[in-house]
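The chain that follows stands alone, in the form predicted on its own, written as C-alpha cells.
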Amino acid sequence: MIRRVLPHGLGRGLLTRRPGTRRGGFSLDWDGKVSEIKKKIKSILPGTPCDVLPDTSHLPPEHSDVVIVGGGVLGLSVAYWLKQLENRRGGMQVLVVERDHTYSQASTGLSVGGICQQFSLPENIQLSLFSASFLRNINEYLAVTNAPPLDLQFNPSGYLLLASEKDAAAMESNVKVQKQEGAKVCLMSPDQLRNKFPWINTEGVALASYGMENEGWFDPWCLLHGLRQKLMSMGVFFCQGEVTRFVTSSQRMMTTDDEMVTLKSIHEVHVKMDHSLEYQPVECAIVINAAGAWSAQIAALAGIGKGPPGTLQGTKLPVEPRKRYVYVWHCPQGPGLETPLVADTSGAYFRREGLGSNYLGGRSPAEEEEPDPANLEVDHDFFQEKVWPHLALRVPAFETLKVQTAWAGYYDYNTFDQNGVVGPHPLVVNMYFATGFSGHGLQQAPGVGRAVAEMILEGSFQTIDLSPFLFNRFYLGEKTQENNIM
C-alpha cells in the first residue's frame, strides 16, 4: 500500500531488525505530572474534565511503517486518517512520538479553540468548513466502544471581524470568496452592528463580517483526548520521547535544469527516551513532521536547509516558535451570552468564556515587539499597554474589567507567508509536513490530516487540493499569503 508512493527500495523489506539497539531504563512520575498539568489546564480552559491520558513511557517498537513526530492534534489527525483510509484494516503500523507527555507546552492545549471560515484563501476556507463538519459530528468519527461520547463544548456564536476604512474593500473581497466556497458569512454596516450588538462602539469601523454558521469555539483538550483514545483503539502506538537523529540513504541525480541534487530517504529514526541517555532506533518507511513550533529543528535533522544558499537543498523550513499571550478577565457588565468572538481593527480579539461574565482574548504583537519564545512566561504589561486600551475603546464596559489569569502558548509561525506546509519534501522524499499554520492549525487539523494521508496513500490530494501549501514554494519564492491571521 505504501510502496506505491515511495522511491524504489523503501518498501517493507527494509523493516528488519538491525544489530546494536541500545535500550535504557528510566522511571517517571506519570500520574503526578499529568494530574498537575490537568489541574492547570482545567482551571483556564473550557470544557469538561477528561480521563488521564494513558501511559506512553514504554519503548517504541523496533519498526513502524509511519513515524509521526509530534503528538498534537495535527499529528494525531494524520494518524487517524492513515488508519481510516488504509486499504487493509490493521495493515499499517503507525507510531506517534511526542516529547511533552503532559502537553504543557503544546499549542493544542494552550489554544483558545476557535474555528471560523473567514479566510482570504479558498483552501483555508475549505479546510475549516470540513473541520466544522468533523467537529459537529465528532462521535461519528471518534466513537470508541464502551467509551462515553465526546462533548467538545462547541459554542456556535460565530466570529465578528471589524474593518477600518482602509481594510473595508479587502473584507468585501474576502467575503465574496468565502460565500463562493459555501461559507455562511454576511457583511454588516456600522448601523447594523449597533442594532445587533448594542454594547459595541463602532468608532473607526467601516464594515464588519459576521459568521452565521459553523463558527465559534470548542474545547481543544477534549479533541486531543478523543483522538488519542480513538487511535489507541485503532492500534496506533504512542511513545514519549524526543527524535534526535534520522539515518538516511541518498542518491544523486540531475534535474531538468542541469542542477545536481541529492535525494534522501529516511530509513531509521532515533528516539531518545525521557529521563535517559539511551535511544531506540525505529526503522520506518515514512516520517511525518508535525512537530509544530519545533518542526524546523526536525527538518534540519534530516538535512533540510543544509545546502548552499539559494538552492533547493539550502532552502530551510521557515517555521519558528512565536509566543502568544491569552488573558482571562472578569467583567459583570460585559457583553451577553450570544457574543461572538470579536476581532477588532487593532488586531485585539476577545470572546466569552463560560457563563460567569468571564472573557478571554489577546493580540498578536507587532514584528518588532515579538517576545522571546525561550519560555512561556506571561508579560502582563503587554495587556495593560497593548490590549486593554483597544478593548475598552471597542467595548466601553471593558473599562472596568479585572484580569483573573493568563497563559502563553506557541504559534508554529511560518515567516514566509503565514500559511501551512503540507505534503512531501522534494528532496527528502519520505518526509511529509503538517505544520506552519501560524495559529489556525488546530481548527484545520481534521482536513489537513486527511490531505496528508491522501498524499501518502494515493500519491496526490483527493478531496481538497492543497498544492499551494507544498514546500516547493519556499524555494520558488511564491507566497501563498493568508491575510486573515489573528
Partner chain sequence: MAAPWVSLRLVAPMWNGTRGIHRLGGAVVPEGNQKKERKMLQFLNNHFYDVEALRGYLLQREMSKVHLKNRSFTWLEEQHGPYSAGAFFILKQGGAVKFRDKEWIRPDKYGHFSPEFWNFREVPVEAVDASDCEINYEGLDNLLLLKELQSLSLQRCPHVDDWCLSRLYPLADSLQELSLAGCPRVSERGLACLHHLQNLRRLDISDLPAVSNPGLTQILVEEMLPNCQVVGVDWAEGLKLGPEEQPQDTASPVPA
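Positions refer to the first chain, counted from 1. Predicted, not measured: the structure shown is a model, and the values here were computed from it.
Just so you know, the form predicted together with its partner chain exists too; it's not on screen, but the next bit is about it.
Heavy atoms of Ser107 never reach within 4.5 Å of its partner chain in the model of the complex, leaving it off the interface. The shortest heavy atom separation between Trp388 and its partner chain in the model of the complex exceeds 4.5 Å. Proximity of Ser157 to its partner chain in the model of the complex: non-hydrogen atoms within 4.5 Å are present. When contacts are judged by a 4.5 Å heavy atom cut-off, Glu203 does not count as touching its partner chain in the model of the complex.
None of 316-324, 208-216, 399-407, 260-268 except one has non-hydrogen atoms within 4.5 angstroms of its partner chain in the model of the complex; the exception is 208-216. The listed set Lys179, Lys196, His275, His380 contains one residue whose heavy atoms approach its partner chain in the model of the complex to within 4.5 Å, identified as Lys196. With the partner omitted from this view, the residue of Ala300, Ala392, Leu337, Ala170 that lies near its partner chain in the model of the complex is Leu337 [heavy atom within 4.5 Å]. Residues are counted as partner-facing when one of their heavy atoms sits within 4.5 Å of its partner chain in the model of the complex; in 139-154 these are Asn139, Glu140, Ala143, Thr145, Asn146, Asp151, Gln153, Phe154, in sequence order.
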